[in-house]
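Just the one chain here, the form predicted on its own, laid out as structure tokens.
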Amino acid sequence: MSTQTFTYTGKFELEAGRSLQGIEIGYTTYGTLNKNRDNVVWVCHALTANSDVFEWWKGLFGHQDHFNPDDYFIICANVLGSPYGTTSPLSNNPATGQPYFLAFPEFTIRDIVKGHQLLANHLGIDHIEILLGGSLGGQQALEWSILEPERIKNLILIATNASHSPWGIAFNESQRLAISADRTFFAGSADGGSKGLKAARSIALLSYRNYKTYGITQQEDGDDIPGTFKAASYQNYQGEKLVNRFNAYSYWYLSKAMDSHNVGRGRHGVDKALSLIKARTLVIGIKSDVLFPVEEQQYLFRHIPKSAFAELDSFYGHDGFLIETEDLTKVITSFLKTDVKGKIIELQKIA
């Protein structure tokens, strides 16, 4: 593993019209680029993840897993706005010498991908053998495959969509309301909004899992009234866990970036935009996902020219894309062995 920082000194123009005077991008690589330069796997991470994909996607990425550094040159970059090494609201504003906080310009998924493109150019990566991501990571991968269709050979989209839904935006706004209800969010300190962030994470968890997940994993052992219910403890624990590794400002801006996702913007609509993709594409949905319902992945499958579709039957809901790595390995292996030949094919569903 090699964790590095790429510094871009030029003016970084943002889609909404503002700009940043240069950016830093933290990224991690694993393995070695082969002689033919055709073993690149680029991973786009989700909302609060980081560039160490071996840390958060174990079972799919690792020395003993399908994507391993012996066979692949694996790259994952921290997204714009991330607190893990890429320019973010906690970075210093050159105009003031102080952190941006809420003065940071709003950015979109397309802007995040622009950062990935700069890094790929810097690394001399002209062709990406496999580009993949889930959730917000899938939104990035989809956007990139439209911006540069010739650069991407194989595209894997997991639990994601072509444009963020009103349902998803409502969840994100509810989380931002929780953050803004914490008055410390406006105080201009690195730990501002921590209590609000904890509440926001609790809201988010309800969309990442579902009724059945909680019924199985957080069920009480007996009928007595406990001092603290398991489900309540779980919400508190997960909220504190995020507060200890993230910040409210990055969360605020990244949730807005997710809301901005719409591949049809400026491209004569979503269907037209999806038709521009040239990569062999595998779209994977999760049957129990309430945040990115499987019909959103079925839509991608129907409108991307060379695509295959698989559905995972997981009780973990949206989080299944991080957990069901054995099933993901099976379906990805099948896809990479399949000769699409310009046809839309459907892979066998994983039971």
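We number the residues from 1 along the sequence you see. Everything numeric here is computed off the predicted structure, so don't read it as measured data.
As for the form predicted in complex with a small molecule, it is not shown, yet the points below apply to it.
In plain terms, the part of the chain that comes close to the small molecule in the predicted complex, with a heavy atom within 4.5 Å, is 311 to 319 out of 28 to 36, 311 to 319, 280 to 288, 66 to 74. Note on the partner interface in the predicted complex: the residue among Val40, Val294, Leu47, Leu60 having a heavy atom within 4.5 angstroms of the small molecule is Leu47.
Between the options Phe185, Phe171, Tyr253, Tyr208, the residue in contact with the small molecule in the predicted complex by a heavy atom within 4.5 angstroms is Tyr208. In the predicted complex, the small molecule sits within 4.5 Å of a heavy atom of Ser135. Looking at Arg110, you'd find every heavy atom of it more than 4.5 angstroms from the small molecule in the predicted complex. In the predicted complex, the small molecule sits within 4.5 Å of a heavy atom of Arg201.
Using a 4.5 angstroms limit between non-hydrogen atoms, His268 is distant from the small molecule in the predicted complex.
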